[in-house]
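Encoded as structure tokens, the following chain is the form predicted on its own, with no partner shown.
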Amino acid sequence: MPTFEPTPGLRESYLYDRNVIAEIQRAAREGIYDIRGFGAKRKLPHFDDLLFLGASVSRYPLEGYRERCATDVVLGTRFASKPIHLEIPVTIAGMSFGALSGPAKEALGRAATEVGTSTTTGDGGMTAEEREHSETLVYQLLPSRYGMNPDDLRRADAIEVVIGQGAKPGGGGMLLGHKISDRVAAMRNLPKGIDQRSASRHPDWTGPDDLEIKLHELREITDWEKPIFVKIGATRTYYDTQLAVKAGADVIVLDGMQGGTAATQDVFIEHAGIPTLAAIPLAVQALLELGMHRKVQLIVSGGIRTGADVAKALALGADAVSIGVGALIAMGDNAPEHDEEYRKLGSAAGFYDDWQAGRDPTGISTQDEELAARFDPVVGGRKVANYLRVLTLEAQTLARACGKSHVHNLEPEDLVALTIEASLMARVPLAGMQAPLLDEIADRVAARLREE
């Protein structure tokens, strides 16, 4: 890829910078939209724009490692006779066999089991190694219905009905032909080597009334044992959450636009949906107004990277979070030691644009048997388990500092924002402008408006 050095005396255009120019030239040359993996790369308001107010005089902190701070969570308490009990509030998101290799899916199952949490199948069905190594496995039901069968629904511990995804809300998935191996083709009932685009909506319902019927059918199939999740991409979050609850969801999974994907249009990733930070308060408000907050659990995904992100999502009202990209990075995806091989794909280590290519040299996002054989699922699983432990310990550390004996006791009052945008989206005050001062300012503004 050519590089451009700045020339003295010349100014680069804000609207037509070198990246925009390069994309126009690529579009003119190829005549098709750009397809890539990963999530939004533009800067968006995020959890980094929030800070915790640790305890001091007005609040009493807990002594680290001496006073208990619990992390367990139960999902699916509304209707399911067998809700899921997890030891930590961090789950592994759905990533399909097709997008990921068989050994990579096994590693995710091993990691989740080791730390007492759940993993999720993703599109394309359930693999034997995934079920074998996952103590708690959530089965995704997507519009494509690839690999779906009632027997696997019954073998799962929960069902996640995917209506939307944060990276591409309103759009279907993509699986390029070079990732459709013999095994993927057989599981999905597809021709080998042919590009496939998943449907953007489920084939057997057109609205919330039909969704209610479908959820009831799924409960009947599974004898009312399994919790049923409904996953929505963060767009019209308030209304989508309320309608999903009224349709009978046990759990809402909310995926913000910082969520990743194996492959979709770049224009979708960067220009559809809303940030995770903005979506959480909308979902919580919807649940509160229905009297269902904490009765219907809320799982948040999309850009969760650190224990601080976990703690902030919980403080805003989530019951748990879900990670995808972070888990792949922990396994070793896009590792710098493979930079030369990534550059041969037109990418580079750390950029993650190559997931759709199916030639991942680490053996994680590929269906090439030789490449997949490079990846050790035992070692990969151990790395992801370590990462999950660190996320949990960091969240506990912040909760203790705020005087909380359970991470779910974190609340918006424990947070302040660094920017006006984050303050308005997260509905927490700007740092240094706590509630009494904000009320005073609002009264002054109102009085001035009345005078005018």
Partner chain sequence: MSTVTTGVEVVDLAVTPLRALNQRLHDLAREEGPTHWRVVNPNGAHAIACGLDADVEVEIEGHAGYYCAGMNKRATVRIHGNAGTGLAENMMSGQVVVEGSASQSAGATGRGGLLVVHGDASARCGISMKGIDIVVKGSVGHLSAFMAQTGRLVVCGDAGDALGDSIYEARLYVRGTVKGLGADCIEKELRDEHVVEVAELLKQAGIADVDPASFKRYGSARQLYSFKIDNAGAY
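Positions refer to the first chain, counted from 1. From a predicted model like this one, the values you see are computed outputs, not experimental measurements.
The same protein also exists as the form predicted together with its partner chain; that form is not shown, yet it is the one meant from here on.
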> In terms of non-hydrogen atoms within 4.5 angstroms, which of the given stretches 327-335, 186-194, 128-136, 358-366 touches its partner chain in the model of the complex?
Replying inline: 186-194
> Is residue 294 close enough to touch its partner chain in the model of the complex, meaning at least one heavy atom pair within 4.5 Å?
Replying inline: no
> Any chance residue 378 has a heavy atom within 4.5 Å of its partner chain in the model of the complex?
Replying inline: no
>> Within 4.5 Å, heavy atoms only: does residue 154 come near its partner chain in the model of the complex?
In response: yes
>> in the model of the complex, is there a heavy atom of its partner chain that lies within 4.5 Å of any heavy atom of residue 65, even though the partner is absent here?
In response: no
>> Whether 199, 216 and 220 jointly form a contact site for its partner chain in the model of the complex is the question; each needs a heavy atom within 4.5 Å.
In response: yes
>> Going by heavy atom distances of 4.5 angstroms or less, which of 237, 261, 144, 119 would be at the interface with its partner chain in the model of the complex?
In response: 144
> Considering 204, 289, 72, 341, which brings a non-hydrogen atom within 4.5 Å of its partner chain in the model of the complex?
Replying inline: 204
